[in-house]
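A single chain comes next, written as structure tokens; it is the form predicted alone.
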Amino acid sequence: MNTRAEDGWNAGDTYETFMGRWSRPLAETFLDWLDAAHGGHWLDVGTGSGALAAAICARAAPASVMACDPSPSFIDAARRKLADPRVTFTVAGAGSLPRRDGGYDAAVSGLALNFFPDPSLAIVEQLDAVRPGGLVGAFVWDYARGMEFLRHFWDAAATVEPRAAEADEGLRFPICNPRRLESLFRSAGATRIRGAALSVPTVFSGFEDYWRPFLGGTGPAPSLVATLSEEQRAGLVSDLRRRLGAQGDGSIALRARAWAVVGYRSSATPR
């Protein structure tokens, strides 16, 4: 499985204009759904630009948050955006997660699980990192059907560049559906597993607001755009305008769906 670095997820500030503005409200929706006890010590795995760490601080009144990511540029960007004394940022990823004496109360990851080299081992590692009875939770975009602004992009891209299918997250990440996510947590040894669909609006002021972030080179879709000829880009833009349409004021109103899952480390069986 490709890692996030191989997909071009290496520019924290560019990521913010492309995905961060949607991942932040989604992270808050996830924390509200998780309904975890306030307080405690949290581990944020694959923090990216810090959206989930910020939501934890806003929604869960944590005693501490350890936010880690393998990308130094993401950690630098997150540190600039979230100056909260409860949060510690560190460069680390799945396979080398920071540990805490007594374990964390919760380990969570937002929009990262499908990019881990081995998602199953990553969940096992997070279960090992929390205390007995602690929770492990994650959410990922529904790339196949529910992440509308990306779905429109990939469907249009396939008409101008056959290689688009190789990068389309909807095809590459079959883990991003509720059945597979819950099965992953179950096979890792989690208990009391539950899942849900989470949705946030993605409203663009106009086509340029939609299209401009695809020119930033961060992520699979922008990385593909960077390889297109001028003629291919023009064809892609034309097809996207047709597919997206617009409201009377020129805005484009779409929705983005994600799948969330949570499980718990057994309080009875030592690991």
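Counting begins at 1, following the sequence as shown. Just so it is clear, the structure is predicted and the values come from calculations on it, not from any experiment.
If you look for the form predicted in complex with a small molecule, you will not find it shown, but the lines that follow are about it.
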Checklist entry - Given that the small molecule is left out here, which of Ala190, Ala112, Cys176, Leu198 has a heavy atom within 4.5 Å of it in the model of the complex? => result Ala112
Next on the checklist: Just to be sure I understand the contacts: of Tyr104, Phe89, Phe185, Phe74, which is the one whose heavy atoms reach within 4.5 angstroms of the small molecule in the model of the complex?
Outcome noted: Phe74
Checklist entry - Going by a heavy atom distance of 4.5 Å, is Ala94 a contact of the small molecule in the model of the complex? => result yes
Next on the checklist: Against the small molecule in the model of the complex, would Phe116 count as a contact residue? Criterion: heavy atoms within 4.5 Å.
Outcome noted: yes
Checklist entry - Counting only non-hydrogen atoms and a 4.5 angstroms cut-off, does Ala67 reach the small molecule in the model of the complex? => result no
Next on the checklist: I'd like to know if Pro62 sits close to the small molecule in the model of the complex, meaning any non-hydrogen atom pair within 4.5 angstroms.
Outcome noted: no
Checklist entry - Using a 4.5 Å heavy atom cut-off, which stretch among 227-235, 43-51, 30-38, 204-212 contacts the small molecule in the model of the complex? => result 43-51
